[in-house]
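Next up is one chain by itself, shown in structure tokens, the form predicted on its own.
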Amino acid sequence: MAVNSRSSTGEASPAFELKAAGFTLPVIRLLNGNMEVLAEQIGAKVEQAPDFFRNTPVVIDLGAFPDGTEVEFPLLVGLLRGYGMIPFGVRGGNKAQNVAAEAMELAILGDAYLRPTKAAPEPAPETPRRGLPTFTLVTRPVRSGQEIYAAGGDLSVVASVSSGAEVAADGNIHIYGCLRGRALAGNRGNADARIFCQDLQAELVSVAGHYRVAENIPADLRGVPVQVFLDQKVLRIERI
């Protein structure tokens, strides 16, 4: 029996909707074309948080790639897929690099696609006195798809961080609401940085590149105030 997909007016019922949506995708920024070194370093990073990288779409950033150096896209795509990632697209490349990327069925992206709804911290922080670290204060909830980055200092969020949102800082991160998204402290390798959270429900927490995803956070540490820190290069989560 055939199913009638037409409305009472005789017009076909809609089969799909096309909407604009914002996503924050991990970015791999290539600094040189040495595939052996890249494989070694990416392998070490994946070992720290295999669940975070598994089936994760990633974007290849060529903005800092040396001019005149060929990008070995077949090797690069195979490498990333071998570690469980899904190469999605390329940004920052020149015309020849983009053509080579398209041959590998990679999308050519602009920055706007990766950070469509970057939240502006409010109120704007005052100019810091010389010798004091910078400090960024966010008073609104950080919504899904938004990204906050406190460069050179600490970040305080006096609201919640939704699932799919990301907050990052070169220093410490303080979240006085519920953390459901991702929080990355010590973004430039500061191993002394910490994350303080009143209600941990995170998708991912990271200090100086050491990750722990939701599946690896013990149940008794979820929904309670915690601090996240490094102890001898081991990421630890403790109740406050």
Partner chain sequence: MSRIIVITSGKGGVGKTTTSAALSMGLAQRGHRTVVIDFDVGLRNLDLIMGCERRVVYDFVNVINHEANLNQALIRDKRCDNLYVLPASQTRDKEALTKEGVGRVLDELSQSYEFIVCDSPAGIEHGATMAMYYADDAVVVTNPEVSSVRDSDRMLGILASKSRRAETNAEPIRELLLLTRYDPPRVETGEMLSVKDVQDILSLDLLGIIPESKAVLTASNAGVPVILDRESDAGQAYSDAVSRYLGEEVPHRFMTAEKKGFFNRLFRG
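Quick caveat, the model's predicted, so the values are computed rather than measured. Residue numbers count along the first chain shown, from 1.
The form predicted in complex with its partner chain is left out here; the points below concern that form.
Q. Of 166-174, 67-75, 90-98, 144-152, which is the one stretch near its partner chain in the predicted complex, taking non-hydrogen atoms within 4.5 angstroms as near?
A. Within 4.5 Å of the partner lies stretch 144-152.
Q: Please run the contact check for residue 194 against its partner chain in the predicted complex: heavy atoms, 4.5 angstroms, yes or no?
A: Result no; residue 194 lies far from its partner chain in the predicted complex.
Q: Give a yes or no for residue 210: in the predicted complex, does one of its heavy atoms lie within 4.5 Å of a heavy atom belonging to its partner chain?
A: So residue 210 does not count as contacting its partner chain.
(Q) My question is simply whether residue 180 lines the interface with its partner chain in the predicted complex - judged by any non-hydrogen atom within 4.5 Å. (A) Contact with its partner chain, yes.
Q. Counting only non-hydrogen atoms and a 4.5 angstroms cut-off, does residue 156 reach its partner chain in the predicted complex?
A. Contact with its partner chain, no.
(Q) Is its partner chain in the predicted complex close enough to 198, 215 and 222 that every residue in that trio has a heavy atom within 4.5 angstroms of it? (A) Result no, not one residue of the spot touches its partner chain.
**Q.** Contacts with its partner chain in the predicted complex, stretch 195-233 (heavy atom within 4.5 Å)
**A.** Heavy-atom contacts within 4.5 Å come from 203 alone.
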